[in-house]
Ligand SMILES: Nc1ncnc2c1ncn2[C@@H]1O[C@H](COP(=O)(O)OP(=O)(O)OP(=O)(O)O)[C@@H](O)[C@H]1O
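Listed next as structure tokens is one chain, alone, in the form predicted alone.
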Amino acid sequence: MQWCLDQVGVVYRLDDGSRIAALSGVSCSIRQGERVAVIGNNGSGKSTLARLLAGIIQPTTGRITHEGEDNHDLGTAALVLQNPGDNIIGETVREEIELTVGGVDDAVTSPRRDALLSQYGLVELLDRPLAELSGGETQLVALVCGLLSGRRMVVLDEPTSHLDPPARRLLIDHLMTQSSDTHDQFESTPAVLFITQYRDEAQYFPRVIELDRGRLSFDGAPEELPVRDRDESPDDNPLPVDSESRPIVVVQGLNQSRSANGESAAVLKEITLTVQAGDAIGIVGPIGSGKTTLGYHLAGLMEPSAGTVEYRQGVSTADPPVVLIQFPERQLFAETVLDDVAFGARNRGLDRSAAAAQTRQVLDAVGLPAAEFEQRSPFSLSGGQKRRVALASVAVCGATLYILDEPTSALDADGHAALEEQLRRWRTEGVAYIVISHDVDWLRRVTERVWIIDKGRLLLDAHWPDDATGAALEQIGFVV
């Protein structure tokens, strides 16, 4: 069994009547049971390819067939979307799992379902409302549902964006061990299309497809994949250290609880810490450890169950920290990219003309040329492009403290470079920022301090490098 793409093209019509070719002349085939990684820059057509194979959209030109028939059947492939919350329709984890496997043979599914729930640490979350899960926990639920769907193909769009290193290793190991080179088992195993920005993840797959501006630029073994200058890791470039020691946020005895099924559970426990003017701080911790909850408290978006978050000089309830949330599409709201980004500048008191001028400057800086993108709807962009718009919308706000939650998710190499340049500008200007990320190596490069959190507690507050950081990272399962 196989899917065949023959000279497939997809053209999107924008609100202003213009057209964009998302895919052009793509031809390839995917056999059932194959494990294929798909890479490419933001806007290269990866998510469009995913929607095509899932039958959500149809090609503008060319043809997709499955076993010789046109691929109009939505039941052929399961798609786990880039924002895992978009996959969710149930109220609790248990209900979501039951809705997923409802049409699948229970005698076959039950043992596999129980094994996956245990393997991915979801057993204790079964009765949790899905709305209360962290981004990583939501992604695990969406992944398990995709793997349990019983479809002949599973398409995973940036499936590791919100996973910590142990969960990333678990997912890739599971996908690799589930496949088989023996004919009978291979035919009974679903094909997996694994879309990722991380070339180090693609190296684990026997086959890699690369898209470049909508065209297929490579299809082969990972060891044959051309290395481009932008793919190479940049040299460490230590950030300048602000010698001024001036507290701007002081947290004392912070506790946060949530109620579920009549019981109270602690999310944060006795957190005490200080943010200084000009700080560059990374927050690291396993999925569900409380990282985002801590970030929301620092931004004044949540009230503590106990303890205090006190703003000092330069930060106030009238001029609070600015947050880039984990899922940028929830932060976008305007009809055009220009209006969305300019909103923050106008809130600072700039008139429409000055706000537009600053917006265009920031859009160019984050790699979205204003001449090309300012009149586009932010909702028509790729996931990585949406994240750049969201980054631009906070960069124009002129805050004393920025809090960025998983800002590199779905970003390509150019997006990483633009983000790092923005962080460098803030650091040079003495602006403090806090970055929540699972990417420890990247955090070492762009932050000076690290907070390591596990099960709601602050394990460590230290500067990089520090002997204690390695031990604490190993304690939470992050390999160093």
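All of these numbers come straight from a predicted model, not from anything done at the bench. For every residue, the number given is its place in the sequence shown, counted from 1.
This next part talks about the form predicted in complex with the named molecule, which is not shown.
Engineer: Here the chain is shown alone; which of Gly43, Gly430, Gly55, Pro59 has a heavy atom within 4.5 Å of the named molecule in the predicted complex?
Structural biologist: Checking each option against the named molecule in the predicted complex, the one that comes within 4.5 Å is Gly43.
Engineer: Going by heavy atom distances of 4.5 angstroms or less, which of Lys455, Arg51, Arg424, Arg445 would be at the interface with the named molecule in the predicted complex?
Structural biologist: It is Arg51 that has a heavy atom within 4.5 Å of the partner.
Engineer: Any chance Leu381 has a heavy atom within 4.5 Å of the named molecule in the predicted complex?
Structural biologist: It does: once the named molecule is placed as it appears in the predicted complex, Leu381 has a heavy atom within 4.5 Å of it.
Engineer: Given that the partner is absent here, does Ser47 sit within 4.5 Å of the named molecule in the predicted complex, heavy atoms only?
Structural biologist: Result yes; Ser47 sits at the interface with the named molecule in the predicted complex.
Engineer: Is there a heavy atom of Arg376 lying 4.5 Å or less from a heavy atom of the named molecule in the predicted complex?
Structural biologist: Yes.
Engineer: Would Asp279 show up as a contact with the named molecule in the predicted complex if we use heavy atoms at 4.5 Å?
Structural biologist: No, Asp279 stays farther than 4.5 Å from the named molecule in the predicted complex.
Engineer: Given that the partner is absent here, state which listed stretch (84 to 92, 381 to 389, 246 to 254, 264 to 272) has heavy atoms within 4.5 Å of the named molecule in the predicted complex.
Structural biologist: Answer to the contact question: 381 to 389.
Engineer: Even though the named molecule is not shown here, does it sit in the predicted complex so that Gln326, Leu473 and Phe478 each have a heavy atom within 4.5 Å?
Structural biologist: Judged in the predicted complex, none of Gln326, Leu473 and Phe478 sits within 4.5 Å of the named molecule.
Engineer: Judged by heavy atom distances of 4.5 Å or less, which residues of 1 to 29 approach the named molecule in the predicted complex?
Structural biologist: Sequence-ordered list: Tyr12, Leu14, Ile20, Ala22.
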